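Just one chain follows, in the form predicted alone, and it is written as structure tokens.
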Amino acid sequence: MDNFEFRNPTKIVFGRSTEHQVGAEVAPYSRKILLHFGGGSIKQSGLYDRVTASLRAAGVEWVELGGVKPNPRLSLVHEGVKLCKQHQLGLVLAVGGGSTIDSAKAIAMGAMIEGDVWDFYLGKGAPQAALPIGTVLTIPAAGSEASTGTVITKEEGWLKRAVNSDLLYPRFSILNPELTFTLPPFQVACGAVDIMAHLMERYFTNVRDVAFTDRLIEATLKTIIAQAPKVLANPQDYDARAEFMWAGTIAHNNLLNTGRVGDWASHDIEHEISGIYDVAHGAGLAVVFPAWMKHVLHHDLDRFVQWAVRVWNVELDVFNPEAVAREGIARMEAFFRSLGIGTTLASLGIHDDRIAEMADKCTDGNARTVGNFVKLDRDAVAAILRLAQ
């Protein structure tokens, strides 16, 4: 196990009707905020009215910015930054899923600088300050409600890039499983894949003697495998929704990083798919992850066997470990399909050949490699994308 430091300062307010507490959570930070959200669903559901009533009761004023899309856009971030500066807003409150929270984090960074926040996404320096961020989570998937990360898409060139900083931990996140009851089945399925991907990115590591966090990751994977079908079968099953939502937060709040180094190549590769084709992130990960596994399988066959046996209940065959590992991959693909998610580029409707372009963007023209478990150059990324066809 590697040395590590761990902290997660995000206050989690979990349970039924907890959105009514948002005003009390916001007020200690600012009395004038940016209220950031996506489309019209929070107004149709009544969530907007409950949130704004709570803000009003706490004496908090707000300026609104809606319109966040999946794979959130830099142009809307720029609008939010302008509003924060113009109105001297002191906190960004994201009401929505990971895309809204990621957009809020970008705005929170951009509001504190004179230049373009996109520079941080290009690796040109690191943020030194950010406005406080709060969230009311409506889609369990991305884990952004208790993480350091944000991912934004720049429309010019369709580049999708990430920033990680401790400054981006939300000060609080409100998690009410009831708010997820009306999610469409496809969003639930994409969320399940996204959560599992966060776990597997951490699981496949070159660090030895990490048995404790191995077991935590395996347990969280098995929770999603058990609960996702229940949620799809009965959308108002509060207990299944609660297990699903909390597992999604734990999967990406950095607890499961401790003492180990994750991979993250699959996320980098998927960002090129959703950056160009604007597909749902979870749907893209369901395509990339099996292909990545098949490509790197022999780097550490024992770890793949352990994963297959412990997570997917494949029977151990000491005389044919590769067959055990491949059966684990096959069961994962079958599980994704059982949720209604495809596992090939063709299933996403991607038939044209932009593999070379995606591989080139992913590796900055072969100037860098991606991943830690196995370091992948441009040719390796292209090979994985071809496996995913």
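The first residue of the shown sequence is 1; numbering continues from there. Predicted, not measured: the structure shown is a model, and the values here were computed from it.
Same protein, other form: the form predicted together with a small molecule, not shown, and the subject of what follows.
**Student:** Does N234 make contact with the small molecule in the predicted complex, using a 4.5 Å heavy atom cut-off?
**Tutor:** Residue-level check for N234: no, no contact with the small molecule.
**Student:** Closest heavy atom of V68 to the small molecule in the predicted complex, within 4.5 Å or not?
**Tutor:** Residue-level check for V68: yes, a contact with the small molecule.
**Student:** Looking in the predicted complex, any heavy atom of G38 within 4.5 Å of the small molecule?
**Tutor:** Output for G38 is yes: heavy atoms within 4.5 Å of the small molecule.
**Student:** Within 4.5 Å, heavy atoms only: does T135 come near the small molecule in the predicted complex?
**Tutor:** No - in the predicted complex, heavy atoms of T135 and the small molecule never come within 4.5 Å of each other.
**Student:** Which single stretch, out of 40-48, 358-366, 335-343, 316-324, brings residue heavy atoms within 4.5 Å of the small molecule in the predicted complex?
**Tutor:** Partner-contacting stretch among the options: 40-48.
**Student:** Verify the flagged residues V370, N372 and Q389 against the small molecule in the predicted complex: is each one within 4.5 Å by a non-hydrogen atom?
**Tutor:** Not a single residue of the candidate spot has a heavy atom within 4.5 Å of the small molecule in the predicted complex.
**Student:** Which residue, A247, A142, V81, L89, is the contact with the small molecule in the predicted complex, using a 4.5 Å heavy atom cutoff?
**Tutor:** For this set of options, the contacting one is A142.
**Student:** Between L76, L183, L216, I276, only one gets a heavy atom within 4.5 angstroms of the small molecule in the predicted complex; which residue is that?
**Tutor:** For this set of options, the contacting one is L183.
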